[in-house]
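One chain is shown next in structure tokens, namely the form predicted on its own.
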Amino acid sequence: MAAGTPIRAYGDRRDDGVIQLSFTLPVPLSEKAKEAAKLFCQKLGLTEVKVAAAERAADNYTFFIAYAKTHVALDWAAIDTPELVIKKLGFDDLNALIEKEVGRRVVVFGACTGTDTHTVGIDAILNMKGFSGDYGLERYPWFEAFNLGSQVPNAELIRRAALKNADAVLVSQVVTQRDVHKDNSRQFIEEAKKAGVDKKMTLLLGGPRVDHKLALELGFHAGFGPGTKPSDVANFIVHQVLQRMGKEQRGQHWEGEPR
């Protein structure tokens, strides 16, 4: 894309500015509620608002899906974010690289920490069956993966990982109401610093409202959001290990790293 070319939302045709949004209002389902949803969108600066769906969410709550048009445009060239430049390795090639260059199994611990009870994310990355046809880390012969499950105290995850001299620790945060995932993640980093492992291990954060930028801001080495595959995480960890060993240049980027 040429420098300075503006980008706009795409709905039915290029640059038409049409977007879809969903939200809930604390009102019972009715025609008045639909009108309230339309006015709400208009007050956001949107035009040509169409409320496509309205469903009762609970007593005196209604969930809406609306289509509308925005005049917002972005300067693509001005957007600055971490990017990936080198192709990641497949299952067999990555295992061969670990065997040749690391010479031991790469140790990884993971858990859903704090009060979070949802293990779907950490299971998708660590469990043998993996996710979307992509093997989990337990399936890799040159990984030693430990999935501690849910509601694991941050200090306990760090303690268990330190006992095994883990190369990486994965923290999964699914519950995000009132930014509880951010608060718990900060607590994890505080515990890691207290234990002196924050520079010895690769600390990773994952979840539905996590991205690389947020993870870095919270003190992690990387963040993985929705759609992440186990091979993405596996590649990132291995190259971090090799960089700590001095076998790869620090700061190199690999496909599969978080964007």
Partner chain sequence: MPGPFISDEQVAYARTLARDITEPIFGHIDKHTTVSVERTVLRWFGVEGVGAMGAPLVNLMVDRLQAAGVLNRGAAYWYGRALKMGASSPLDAVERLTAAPLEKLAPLPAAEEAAMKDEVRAEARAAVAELKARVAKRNALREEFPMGPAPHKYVIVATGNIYDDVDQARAAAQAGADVIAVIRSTAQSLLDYVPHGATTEGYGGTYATQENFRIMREALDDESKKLKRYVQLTNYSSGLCMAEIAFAAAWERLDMLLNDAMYGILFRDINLRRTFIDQYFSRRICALAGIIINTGEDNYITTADAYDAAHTVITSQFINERFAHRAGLKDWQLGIGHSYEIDPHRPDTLLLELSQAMLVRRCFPDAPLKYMPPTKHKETDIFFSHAYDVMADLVAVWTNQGIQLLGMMTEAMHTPLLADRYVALKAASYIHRAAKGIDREFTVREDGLIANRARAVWERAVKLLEECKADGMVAAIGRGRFGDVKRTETGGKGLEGVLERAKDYFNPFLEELESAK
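Positions refer to the first chain, counted from 1. Between two forms, the rigid core is defined as the largest C-alpha subset superposing within 1.5 Å. From a predicted model like this one, the values you see are computed outputs, not experimental measurements.
Below, we turn to the form predicted together with the partner chain, even though it does not appear here.
> Can we say Asn184, Gln187 and Ala215 each have a non-hydrogen atom within 4.5 Å of the partner chain in the model of the complex?
Zero of three within 4.5 Å in the model of the complex.
> Just to confirm the contact call: exactly one of 170 to 178, 88 to 96, 135 to 143, 157 to 165 touches the partner chain in the model of the complex at a 4.5 Å heavy atom cutoff, so which is it?
Of the options, only 170 to 178 has residues within 4.5 Å of the partner.
> Does any heavy atom of Val120 come within 4.5 Å of a heavy atom of the partner chain in the model of the complex?
Within the cut-off, so yes.
> Taking heavy atoms and a 4.5 Å cut-off, does Lys129 contact the partner chain in the model of the complex?
Contact with the partner chain, yes.
> Does Arg56 reach the partner chain in the model of the complex, with heavy atoms at most 4.5 Å apart?
Flag for Arg56 set to yes.
> Within a 4.5 Å heavy atom cut-off, is Val197 in contact with the partner chain in the model of the complex?
No, no contact at 4.5 Å.
> Val197: with the rigid core matched between this form and the one not shown, does its Cα shift 2 Å or more?
No; that C-alpha moves by less than 2 Å between this form and the one not shown.
> Is Thr62 among the residues whose Cα moves by 2 Å or more between this form and the one not shown after superposition of the rigid core?
After core superposition, the C-alpha of Thr62 moves 2 Å or more between this form and the one not shown.
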